[in-house]
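In the block that follows, a single chain appears as structure tokens, in the form predicted alone.
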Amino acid sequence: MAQVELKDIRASYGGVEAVKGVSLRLEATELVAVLGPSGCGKTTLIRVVAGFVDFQGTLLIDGRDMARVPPHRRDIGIVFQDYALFPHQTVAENIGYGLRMRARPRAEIRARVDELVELLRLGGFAARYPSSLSGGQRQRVAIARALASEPKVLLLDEPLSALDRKLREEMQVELREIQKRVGITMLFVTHDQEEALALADKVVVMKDGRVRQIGAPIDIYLRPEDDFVAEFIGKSTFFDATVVEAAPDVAVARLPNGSTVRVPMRGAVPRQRITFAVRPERIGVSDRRTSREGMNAVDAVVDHVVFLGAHQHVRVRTAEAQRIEVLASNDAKWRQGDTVTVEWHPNDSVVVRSGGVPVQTSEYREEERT
């Protein structure tokens, strides 16, 4: 296990800067996910840590500067997206490859391979070749090979992207269990937001080579710091509004249709334009205006309904053509054209843009929640 620290890391490909001043700290035994769209710089960042890309800035592993340390001296294990298993070697030979390259004694290699075969649930497969394994089995072999030399840090570049959804979900659980049992610091790259939220202790959201937000999964999802994070992580409906009243911890804002809503926000000023987001599962739907006291409410018409098993996706449209996404219970009987009211608690509004004024999330969110 090791502590990893990146300070103002910059890296370029062909004169194009792919990583633009990224700073990040991984605590020992922490599992950190780097998440973002294609081309955001997340793979370049992990290659910087691995030692495959030249960089500017400071990279420390357990306080040791890695600037002039070659990849094979960094005490890092790597699992590539395509697993990169040797097709002509058996499972056991693949797992023991790194140890053979280090000229470890045969008895030590055999013992370590046996240990990892058991840890990764590969019993009965040691003599097989990769071509005879399932995707999940090949992934476990790749992890075992990366762990064989007992590295301090394990890097994974989109390790589950080649698996189907069911197997990917199973491997997410396995990967987390392996990380806990081994007690290794882990940095993995993914474009799958659900995967990042399910696996990580800490999520790093990137766009265009820069970090947009770092935080625990629950904070990234419930308290996005800007409109990109709110839109990229999960789904949200975005409302534009203008502040008409400002209290220390809450703003009263007017929507384009003239109705007013309350939004948790510090530092608001009258006439300030804001954009706030509300998650679809936090919005309720009723067939008449029966809003509870203190709830934000907007009248709308049902535009689209899709049955999704555990719930329904209901899309409604206001008179001003504002579309609002709702996750309703699966026993709701909404039909296209129904007149409804949507409502949500003020605490479920998250300001993600505030007319050039830095967003300040209010403590009102926790103190007033009922």
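Residue indices: 1-based, along the sequence shown. All values reported here derive from a predicted model rather than from experimental measurement.
From this point on, the text means the form predicted in complex with a small molecule, which you will not see here.
**Q** The small molecule isn't shown here, but in the model of the complex, which of 31 to 39, 297 to 305, 60 to 68, 327 to 335 has heavy atoms within 4.5 Å of it?
**A** Contact-bearing stretch, as computed: 31 to 39.
**Q** Looking at the partner-bound form in the model of the complex, is T43 within 4.5 Å of the small molecule by any heavy atom?
**A** T43: yes, in contact with the small molecule in the model of the complex.
**Q** Taking the small molecule as it sits in the model of the complex, is H191 near enough to touch it, meaning that at least one heavy atom pair lies within 4.5 angstroms?
**A** H191: yes, in contact with the small molecule in the model of the complex.
**Q** With a 4.5 Å heavy atom cut-off, would you call R47 a contact of the small molecule in the model of the complex?
**A** Because a heavy atom of R47 falls inside 4.5 Å of the small molecule in the model of the complex, the answer is yes.
**Q** Considering only heavy atoms, tell me if E158 and the small molecule come within 4.5 Å of each other in the model of the complex.
**A** Residue-level check for E158: yes, a contact with the small molecule.
**Q** Just give me the single entry in I9, A18, L24, V352 that has a non-hydrogen atom within 4.5 angstroms of the small molecule in the model of the complex.
**A** Contact check passes for A18.
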